[in-house]
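Consider the single chain below, provided in structure tokens and representing the form predicted on its own.
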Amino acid sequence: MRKLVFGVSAFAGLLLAGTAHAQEITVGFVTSLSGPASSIGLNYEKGMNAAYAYQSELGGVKIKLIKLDDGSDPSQATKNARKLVEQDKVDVMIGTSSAPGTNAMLTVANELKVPFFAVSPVSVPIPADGHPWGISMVQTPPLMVKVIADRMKRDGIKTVGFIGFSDSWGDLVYNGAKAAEANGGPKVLTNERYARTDTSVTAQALKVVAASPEAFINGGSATQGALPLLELRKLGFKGPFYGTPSLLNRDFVRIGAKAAEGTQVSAGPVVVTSQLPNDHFAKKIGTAFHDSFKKVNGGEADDGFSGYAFDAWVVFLEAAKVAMTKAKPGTQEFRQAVMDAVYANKNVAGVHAVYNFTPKSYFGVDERSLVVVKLVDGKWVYQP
């Protein structure tokens, strides 16, 4: 195994003489501080606060951070991305809180050729010229589902019901569950959907109960992700619940309450940093993240979303470190150098994963990026 990269704080004296004239590096960050995705978006903001407190300069060059709210609206995410590039002249963009909004930002990044670090899953086709301008820090939905499907198999589960969002996130989880089924995982008996703004899923839950699966897998997220669990328990469903990192949210735990107890989800190791063995790749950088998070946000990081924002910052720092030896911030040459460095850097260790990106995929993680955790007395507990 190649050496992991922890070198953010070790960077000094690497810059070429020409880059000494650079005034600052500008980063644009978009998240949902209002609207239905804000319960997740606020976590991303806290993660970015921790990241900026962790390191806000690079080799003596200040990093300027611009934050914008997309209101949980993909069209506003598009407007924000265009503003950041065309008016604010950012070197890099990071965002946003939902898959539809993130896809919208990635489309702009590919069009305007600006490095984009997605903190949600993406499903935009690779550009025809084979040079994508974005990456996603998130574990791939098929990988998220594969890891939890493997756990279901280990638990002896052979059939599972599915309810998920009627958007790209629901599609990603369902398709992941079907891919796991094709590889010997539990058979998926239902494909029920609901909108993020719906307040009831009674009809969908009735169809799941009628199909009599042994377990249930959740294709929702955050607050709204608790609705199927509440309804299924109300209807007398007694099987176990499984899900993905999208449920690692304080509001999901609060709203789901007793119904959510015992839920098992695949999760980035950052959720259980203190429970990890000392030789785990995420122990050192994860501890630094939690310390920074507590310092600037005044509480514990008990979600996975804030960690994606932090990892985006770490990968950006490592790439910018290389790019500053080749071009001046604020130029298209610097943007190109950042993107090239993202693909050239190997084994960059974050709080969620060890990242190895290539131009052939927006994702650069493997199974090291996921563990299984279980909700016990309102806390996520590592399940080796």
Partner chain sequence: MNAQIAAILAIDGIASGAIYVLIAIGFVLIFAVTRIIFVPFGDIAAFTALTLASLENKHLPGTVGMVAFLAVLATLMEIFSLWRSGATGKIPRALLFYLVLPLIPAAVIWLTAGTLLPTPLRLFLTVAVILPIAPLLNRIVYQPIADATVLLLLVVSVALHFAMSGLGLLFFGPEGVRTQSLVDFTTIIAGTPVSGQAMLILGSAIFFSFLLYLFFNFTLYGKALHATAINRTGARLMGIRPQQACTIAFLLSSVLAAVSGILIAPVNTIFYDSGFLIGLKSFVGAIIGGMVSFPVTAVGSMFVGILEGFAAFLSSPFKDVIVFSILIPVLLWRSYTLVHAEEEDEE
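Numbering follows the first chain given and starts at 1. Computed from a predicted structure; not experimentally measured.
The same protein also has a form predicted together with the partner chain, omitted here; what follows describes it.
Contact between residue 110 and the partner chain in the model of the complex is not found at the 4.5 Å heavy atom cutoff. In the model of the complex, the partner chain sits within 4.5 Å of a heavy atom belonging to residue 202. Residue contact check for residue 255: one or more of its heavy atoms lie within 4.5 Å of the partner chain in the model of the complex.
Contact check for residue 206: a non-hydrogen atom falls within 4.5 Å of the partner chain in the model of the complex. The candidate site formed by 192, 210 and 251 is fully in contact with the partner chain in the model of the complex, as each residue has a non-hydrogen atom within 4.5 angstroms of it. Proximity to the partner chain in the model of the complex, taken as heavy atoms within 4.5 Å, picks out 193 to 201 from the listed stretches 193 to 201, 305 to 313, 276 to 284, 237 to 245. Contact annotation: of the candidates 264, 223, 292, 103, the single residue with a non-hydrogen atom within 4.5 angstroms of the partner chain in the model of the complex is 223. Interface residue among 230, 296, 126, 179 relative to the partner chain in the model of the complex, by the heavy atom within 4.5 Å criterion: 230.
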